[in-house]
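Presented below, as structure tokens, is a lone chain in the form predicted alone.
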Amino acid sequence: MAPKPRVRFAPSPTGELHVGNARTALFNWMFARHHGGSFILRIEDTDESRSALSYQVNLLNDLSWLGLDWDEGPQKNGSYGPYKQSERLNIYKEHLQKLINADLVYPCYCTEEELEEERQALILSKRMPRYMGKCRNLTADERKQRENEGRKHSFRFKVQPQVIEFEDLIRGAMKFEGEAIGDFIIVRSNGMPAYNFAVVIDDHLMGITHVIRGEDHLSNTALQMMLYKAFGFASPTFVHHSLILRKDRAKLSKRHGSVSVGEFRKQGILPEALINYLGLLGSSFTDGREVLSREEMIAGFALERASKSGAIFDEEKLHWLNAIYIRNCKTENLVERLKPFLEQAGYKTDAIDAKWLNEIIELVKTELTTLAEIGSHIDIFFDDKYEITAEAKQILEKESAAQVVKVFGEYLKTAAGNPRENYLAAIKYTKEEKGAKGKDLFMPIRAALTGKVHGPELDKVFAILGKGAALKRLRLATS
């Protein structure tokens, strides 16, 4: 029996969680859940100048909000920790020594300026930029001289002439020429491990069976394959999915607008909708459906069906999906989710009658595409927010419209019964009395009652407002 897969999501806490990285986490999570394996979270925080604790906190919060629970990692027990690279420095030091002893690495004293000068010279001569091995064959005396000059050294891996080949689960057979790569840094001059060095050691020691990540890591995989061989490690199965692109087919970046999970949270996108949408990008499900629960996505997930081409990120489609999830959300649950957005819009939810608020949300939820829109949809029910828009004023300024509102209001004054019955009776009376119908009948009444020209069904709005509030607004609208 094949061992259960172990996959990992290994972000760097150098910024907010990008939706592209969130999709990588989702693919790993779905793969693990589909096969009954383990999903490991590892924090790659060796870039001291850019890593921040606040980013790490937000990262964990965003993953939890998305429902991507990890089996091992920060805040969880596990047999393969520590799960933060900054706490694994002794492990990397031991493995560096193994490569030094095997004469597979050497100290490099080149400065950033020297490296850039070499890079530009190669570009000008129309050659592939790579390190040309300037420090590879330095004698012991030459190394000592550079150290006496105060130069700090990094460690570079000796790349031998070879062909690097591996099988990618999505892209098939991959091939790289070692001569085009050049000796690469595995430990920086400040003593911190470089990405490709640390990730090989971590993935091996943590028993990772499948590395699922974006296609922009393909060239890194070539370097990592050399390190696996140097250490005598068995390499995992590699899977490189497509990147998320915008409609102009450029890589999704901040210049396109919202790109982080946190920004979509602030907009009022539900986690179920975002997970559903990210799952559709660059992957397909057998029955072609687009609205899928987590359980359905896990059951239908297959890396073999993932697309090799870039996945277009369409915010309109995300909003379409989000509207479906809002509409299908139980009203009591939705009210709780809406409370932070209501407070942000200036509504004191503790002071609003819960039953009345539920009635309002039940009515308007079919009109929402994001939770953040709620303030502009419920203001029609609050007298202190009631305001007649320019479009509504334009309608009410017509004599015929003013007459419709007047007759409607006069009938309401003496009407008896429940609000809905009162509304229907007043509409019928006004229609007969003024001969108005369609827009000529309903638009003036909507404009007067809500101050707007669009909104939920009028009879339901009236039932929530009540007769007293309705009469007050009718007077204001015609005064």
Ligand code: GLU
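Numbers for residues come from their place in the sequence shown, where the first is 1. Keep in mind the model is a prediction, meaning the values are calculated, not measured.
Omitted from view is the form predicted in complex with glutamic acid (GLU), to which the following refers.
S.K.: Thinking of glutamic acid (GLU) in the predicted bound form, which stretch from 211 to 219, 293 to 301, 332 to 340, 112 to 120 has heavy atoms inside 4.5 Å of it?
M.R.: Looking at the partner contacts, the answer comes out as 211 to 219.
S.K.: In the predicted bound form, which of the listed residues (V404, V199, V187, I269) lies with a heavy atom within 4.5 Å of glutamic acid (GLU)?
M.R.: If I apply the 4.5 Å criterion carefully, the residue I get is V199.
S.K.: Counting any non-hydrogen atom inside 4.5 Å, which residue from F176, F166, Y195, Y92 sits next to glutamic acid (GLU) in the predicted bound form?
M.R.: In short, Y195.
S.K.: Though only this chain appears here, would D62 touch glutamic acid (GLU) in the predicted bound form if you measure heavy atom gaps against 4.5 Å?
M.R.: D62: no contact with glutamic acid (GLU) in the predicted bound form.
S.K.: Taking glutamic acid (GLU) as it sits in the predicted bound form, is A10 near enough to touch it, meaning that at least one heavy atom pair lies within 4.5 angstroms?
M.R.: Yes, contact at 4.5 Å.
S.K.: Give, in sequence order, every residue of 41 to 57 that has a heavy atom within 4.5 Å of glutamic acid (GLU) in the predicted bound form, or say none if there are no such residues.
M.R.: Residue within 4.5 Å: E44, and no other.
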